[in-house]
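Consider the single chain below, provided in structure tokens and representing the form predicted alone.
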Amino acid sequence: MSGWLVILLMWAVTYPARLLGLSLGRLELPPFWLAFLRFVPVSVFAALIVPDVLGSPEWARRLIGAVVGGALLWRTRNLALGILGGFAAYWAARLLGL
């Protein structure tokens, strides 16, 4: 199969789905769906983070880093400080042998 054919087939599968999503932007949703969709970003974030933190042999260190980083981010609303604080807490836990 040629490279151009693969690209064309990928475009044929991807483009309609993206066009459908963009065309829904003008749609007025009922209040139930608006309330339901408010939780989607939090759910996706948790689905990405929790398996990586708790599914590791060093889950305790990662959990400490995640909690410290999340607390800093929540209190200061500063993403860079949250990331750096989480990394610092993880490495401190690692150096302390936790």
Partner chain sequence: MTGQGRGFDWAAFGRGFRVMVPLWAGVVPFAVAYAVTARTNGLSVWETCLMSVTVFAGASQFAAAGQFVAGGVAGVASALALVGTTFVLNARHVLYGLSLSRQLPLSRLQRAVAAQFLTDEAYGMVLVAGPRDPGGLSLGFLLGAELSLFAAWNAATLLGALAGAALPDPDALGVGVIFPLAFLGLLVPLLLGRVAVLVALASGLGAWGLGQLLPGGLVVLLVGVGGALLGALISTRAGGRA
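Bear in mind that the values here come from a model prediction, so they are computed numbers and not experimental data. We call the rigid core the largest set of C-alpha positions that still match within 1.5 Å between the two forms. Residue numbers count along the first chain shown, from 1.
Missing here is the form predicted in complex with the partner chain; even so, the following discussion is about that form.
**Q** Is it the case that Leu95, even though its partner is missing from this view, gets within 4.5 Å of the partner chain in the predicted bound form, heavy atoms only?
**A** It does not: once the partner chain is placed as it appears in the predicted bound form, Leu95 has no heavy atom within 4.5 Å of it.
**Q** Does Ala60 reach the partner chain in the predicted bound form, with heavy atoms at most 4.5 Å apart?
**A** No, no contact at 4.5 Å.
**Q** For a quick check, can you give me the residues of 24-47 that have a heavy atom within 4.5 Å of the partner chain in the predicted bound form?
**A** Residues within 4.5 Å: Leu24, Gly25, Arg26, Leu27, Leu29, Pro31, Phe32, Trp33, Leu34, Ala35, Phe36, Leu37, Arg38, Phe39, Val40, Pro41, Val42, Ser43, Val44, Phe45, Ala46, Ala47.
**Q** Is Ala17 one of the residues whose Cα moves 2 Å or more between this form and the one not shown, with the core superposed?
**A** Superposed on the core, Ala17 moves its C-alpha 2 Å or more between this form and the one not shown.
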